[in-house]
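This text opens with one protein chain seen in two forms, each one given by itself as structure tokens under the names structure 1 and structure 2.
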Structure 1
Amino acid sequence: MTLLERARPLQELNDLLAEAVSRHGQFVFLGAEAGGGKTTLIQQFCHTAASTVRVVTGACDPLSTPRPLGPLLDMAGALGKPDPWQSFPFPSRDGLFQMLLANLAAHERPTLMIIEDVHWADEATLDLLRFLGRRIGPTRVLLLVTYRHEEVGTKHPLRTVLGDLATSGVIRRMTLTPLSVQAVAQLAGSSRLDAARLHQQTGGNPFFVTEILSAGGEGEAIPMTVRDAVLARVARLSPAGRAVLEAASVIGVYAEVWLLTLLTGAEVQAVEECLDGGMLLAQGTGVAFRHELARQAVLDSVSPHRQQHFHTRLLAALTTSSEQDVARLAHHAEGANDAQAVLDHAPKAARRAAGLHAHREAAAQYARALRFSGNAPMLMLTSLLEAFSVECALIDRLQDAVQARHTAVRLWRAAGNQLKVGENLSSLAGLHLNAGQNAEGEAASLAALDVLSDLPEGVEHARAYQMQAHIRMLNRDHDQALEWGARALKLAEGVADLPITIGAYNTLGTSLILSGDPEQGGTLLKRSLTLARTAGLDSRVASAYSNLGSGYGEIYRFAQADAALAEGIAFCRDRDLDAGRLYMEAWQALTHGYQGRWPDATAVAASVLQHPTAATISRIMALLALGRVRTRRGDPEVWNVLDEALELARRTATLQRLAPVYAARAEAAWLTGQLQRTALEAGAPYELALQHRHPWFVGELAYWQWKAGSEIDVPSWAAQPYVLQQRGAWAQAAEAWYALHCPYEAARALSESTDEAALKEALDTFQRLGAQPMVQWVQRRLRDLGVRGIPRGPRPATRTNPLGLTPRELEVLSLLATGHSDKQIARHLTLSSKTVGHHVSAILGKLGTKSRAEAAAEALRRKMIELK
């Protein structure tokens, strides 16, 4: 067949292939409508490319529940040895992905990898696309995937993949346009059909056009739909030929000849007839439809009764042939309406899918089994419900997951098994928490404790205690969290339940960090991390990193927070754990902001907010980081950001979200001179913060009420820098803020003095940070004090270092870092040793370090100096 009007996309593909061959890996999404000519274009492209590169192809299938990693199975042969993907069970999904990448990188020839019809892709295949999209940049690979763009609506999972990869830089999107009237006329050639009408009727769809032309209507009415066109062709076949087509359409996209023969008893001749007519194509030891649209049209024309008959015979044949593909067996079992067979095969297919992280397909297989579970024994039913709930939770179908747990609870209760009731209630609590329904979660957790209370302690109790500890930790009720956590840990270690043990260490560690024992807390969280890492429980590892980072961040220990966040983000990025990564990035934006790295803070926050699937808690923290920086810069669009943050924080109804959001709002109100509003915003969560004795939240919230002129008695256990400021000890407060690496807060403390030097130092820091509102505030204060010669702008040299070191201090610092003594430095800079001593203590103060060695290390880490 001649390829019309495809010269440009072909040229583009050839150019991209050339790029890929020179080690600039490329990833092309080729979209078109069904029958738009994607496959034909690719065949043509492969034909020329095959001489220079290795070509591997796979396709996603239109089964109601697709085979996990189906395309990779298709490619197994072409990828060559070692071929672990040919045999189940796979080593592990991640191991498999890594092996594929290694194969692509190591092969002596560049690779053209084609995956067709990804609008039908299973979840594991979508993960594969995400994995490759982020890593093929430096390889000699052109990955070409096709999809039907009309099937990819805004909610389609492929959208998320496209969104995730938008920033990767290797992605191209190409769209095939329909044929023009001229091209249709050329195809119509000598036929008597009117080209203009044909074009209008088909919308220029190449498959539709060729189907109509092949149907060979002699000037009659043009078929209205593709289906009509296909069936018009089918009608011209012999009855035996039609039977072959119908059977093939039930077997699937690809039909083995032995199965065809079995179903139809067909003579070879009937198959030949379909091949000759171009309805089927020979492929391996079987046949395939020329297009999925044709298969669907034929399948739709087969009566339901006849379809069921085919499915029954296929199931029997495949079962006796020891078919390995359980997803295929489950598909035919459902088609055959054979409940027993569905219950045999679907759960197996579900477990296999889950093993490959194809959780969407796993949930669908469990749902299939549940549809046929009417007469299933109670034990099977509950285990199906529980497994279905687990899979739904993993794909964010939380309401389905909750529903299944409720049903399981009801069944176990009726059967009088209180242990199982308790276990399911604990899981239910976790689901509610994930959905942001903290009150429902609390209720389910308490119900679990209640139902288990009279029974001898077992693993179900450990789970219930751990869930209660976790909820108390989230609520910042640390005494209770520690109590429940300790009980959970003892019991979980006793029964050697690793996941609960890991969870308990996490909860205990986080609560200790937040309740005044950050060292011990860090130790326990790291134990949780190590255990999870050894056991390969990636999401638990991410959770440990996440709580280390956010826990230290919440108590202003930014160096420790930054270290944990950097490691955790790298860990999640390597494994495509987006949820964990985004939450830690949101926290990273916050710690950047506190430490005066505002451009980094806003860049990271913006990238989190742009992510289509960022969870509510990640969004709240990113909005907070962005809102704080905008406020401090005096930039517009503060309130829309902080309003959204508040709305989301209210939904969680927890102190850890409400307090910082209200504090940021109080600051924004104060900086725009709205004192009453400042007091209101800061006062809103104050009681809650006091009840939980949270030193930092109480400290800042009291501070803003004090700044707004309210009578307030800040408790002495509140965070010291804030307490000092409210007692007028601005110099000590500034010291403390410097030690915490918070230049803005330090300058704010200095700005509260009447000392000219302190005010000028504050002004200098604010100018360097670009904190316009505070710059103006301090300038006014200096003018009121009668000070002349108020600096107008930052000195250029101090602009680049965020801690406000003067050029002379930087000079001293770089000499100090290269191991010079005070005496040597003094001689080198022609200064007195005493002056050098002053510079050194100023440097230590601004860097927040105790010794010269620490200062040198810190300066290197911040890239303030370079060692030559």
Structure 2
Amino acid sequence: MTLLERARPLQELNDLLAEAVSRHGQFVFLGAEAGGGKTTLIQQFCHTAASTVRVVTGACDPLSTPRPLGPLLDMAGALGKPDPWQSFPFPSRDGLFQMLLANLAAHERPTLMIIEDVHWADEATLDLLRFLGRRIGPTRVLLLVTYRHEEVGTKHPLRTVLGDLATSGVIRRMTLTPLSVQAVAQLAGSSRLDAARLHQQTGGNPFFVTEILSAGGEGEAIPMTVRDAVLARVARLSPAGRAVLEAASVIGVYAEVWLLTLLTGAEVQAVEECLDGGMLLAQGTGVAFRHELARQAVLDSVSPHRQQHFHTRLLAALTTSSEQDVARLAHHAEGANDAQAVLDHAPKAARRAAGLHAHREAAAQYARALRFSGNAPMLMLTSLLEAFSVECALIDRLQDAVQARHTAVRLWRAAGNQLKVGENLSSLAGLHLNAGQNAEGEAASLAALDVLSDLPEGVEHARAYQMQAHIRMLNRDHDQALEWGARALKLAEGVADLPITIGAYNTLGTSLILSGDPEQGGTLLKRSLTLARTAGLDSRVASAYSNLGSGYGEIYRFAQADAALAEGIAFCRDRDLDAGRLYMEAWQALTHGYQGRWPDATAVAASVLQHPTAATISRIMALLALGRVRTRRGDPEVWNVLDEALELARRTATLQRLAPVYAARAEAAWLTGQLQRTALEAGAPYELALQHRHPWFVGELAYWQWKAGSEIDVPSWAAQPYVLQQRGAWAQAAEAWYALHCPYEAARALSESTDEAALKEALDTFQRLGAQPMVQWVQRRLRDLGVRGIPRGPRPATRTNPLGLTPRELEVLSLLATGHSDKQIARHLTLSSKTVGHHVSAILGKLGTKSRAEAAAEALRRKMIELK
């Protein structure tokens, strides 16, 4: 076979395979239009590669609800043992992925792994691509996947995978271009077709060109479309041959010969005619169309009545065969318009898909069953609705999930089953919260409590109590959250419901952290974490880490927040739990920002914001982190970021989102001299923050109103650094901020003094951080005080230090690394111990370390210092 104009991509693939063989695994996305020659190129590549590597291949189904992990099933035989690959059900999706990775890593030969047509991939297969893309680097594997680029729009699930893997060092993307006029002319050879016109008509699409040439068109008889070209060839077949093609098109991408003969009664000669004419290709014990475009063209030409006839016979044949692929059975059951068969097979296919985390396919199968549920018993219908709602929620089709729950509530009400009404209302409340519709969630939760109030307590009550506790916690109504959480926990433990028990510990712990008892709160949250880990409930583990990190972050305990977030992010990354990871990364960006690690803060925030599926709450916190840093650096494009954050926060109508966003906006207004706006922004959520007695939100919002000139009496229970500043105790406030590892806030407190030394220390910090607006503000203050010799900025040595350490900080770091105490360093450098402490805090922040020992180790690793 001669490939035209494909030498370069073939050479690139050979080079990448050589890289992979040398234990630098590679992952190639090969895109082209339909009929663009992807399969032909791969066949040629495999032909030469097979002598040196193991080749395993699979393909995705063009069905409305494809088989979960269909490509992996295709290649199971070639991968060999262990046994779980030989049949369903697999032990678990994650276990299967790990097993595959181990197989690829341990095999004696390098592996060329090919998955075709991933634009049709089910959700589990896309997860597999994401899993391998993040781990394939150290293996001797070249993973080559193909897709039609014109079918992968901005909202296509594959686009998300491409985005997720964009930063992976092993990912390569290749695109096949159409053939040139010269190549088309070469293919046309001795035919009488005008090559230029043929190229114009086909756009250089290799499949289209070859179909026209195979159809034997000449002169003016160039078919207008691929479909015309394919059907022109079909028309030349005998009636028996055409019947075989029609039946094969209904069977699917791959058609078993026994099914073909059963459906058509065709003699072997009819199948041979299709093979000889190049319409079908022999594959194992079956046949397949040369291209999916050809199959679709033939299928579209089959009348609906005849298609239903074929589906009915296929369903009967497959139901009695040893093969029990329920996704395939459900597909043909729908084609046969057999309601009972759909209700038999589609829910089974949905459960199997859900078990493999192919939730999009699971939702599609439940939707298929619901379309045929007109005469189904009420119990079956409500069961389908509830399961459909669960799957839709998992794939972010929240409105579909809400609608299904509403329908289930109505049906259970009509049936007089108040327990099920309460259960569904509690689930409905959670869906509304996830959609940012907190008011609707509150209403559903209260309705659940009301409908269950007169019934004996059971698991439905525990779920309703936990939901109400969760809502109260989100609203920062901590007393009520603790009360409802305690009721939920007692009842859940009584009925031995572990998920609700874990949720109750989580809610209680979070509320305690935020209401002033971080030690006890941390203990309960870690209890939730341990229970979830032991039970293998990964999403609950992620939730515990998330609330530990965000809870500690919200009360400015950044060292504890950093630790929880780092563990949680690593946990989620290992398990591809992107939703939990993104929310924790957004909070990590915030903690970086507060601790003066601004480049890290903006990089992490930008990463979250670039993710196409980042949830609203993740996006709010990432926008907040980015807006804070841009404001403090004096960067452009501050207000567009903070405006979007406010728009999203308003949808949640919760204090935890509104207060920090308004505070950031107040700061941005103050730094640009807009005092009236500063007061308005800070005042907007102030009463709400007071109602919920949130010390940190109240403290900062009062602070900005005070800075804007408003007369405001900050409560004594507000966060002490802010209280101290508003009482003029700038030195104590600065000490408090240093203790919290917040250099910018500490410098801001110092900047409020009239003491020259304090102002210069503040200026030094602002200059090191790159906080240009505050640099200029402090320089003006110093000039107004008549100070001369005002520092203009970082010294050249500081600017060239990659982490921004000053020469003095490097001196402190060198002494710190040799075991000197603050007092000893102070004596050695003729500084006060307090100043040394400030330098040490700055060093820890810039190095991103938590202790002096870690700082010393990091400095040595980076060769910033030498031990003498």
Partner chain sequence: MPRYLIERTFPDGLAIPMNAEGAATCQTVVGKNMDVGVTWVHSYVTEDHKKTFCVYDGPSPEAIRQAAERNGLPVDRISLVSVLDPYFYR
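Throughout, rigid core stands for the largest set of C-alpha atoms superposing within 1.5 Å between the two forms. The structure presented is a predicted model; accordingly, all values stated were derived computationally and were not measured. Along the sequence of structure 1, residues get numbers from 1 upward.
The second of the two standalone chains is derived from the form predicted on its own. In this overlay on the rigid core, residue 778 has a C-alpha that sits 2 Å or more away from its partner position between the two structures.
The two forms, fitted on the rigid core, differ between the two structures by less than 2 Å at the CA of residue 117.
Once you line up the core between the two structures, the Cα of residue 295 stays within less than 2 Å of where it was. In the rigid-core superposition between the two structures, residue position residue 851 carries a C-alpha shift of 12.1 Å. On core superposition, residue 818 has its C-alpha offset by 6.2 angstrom between the two structures.
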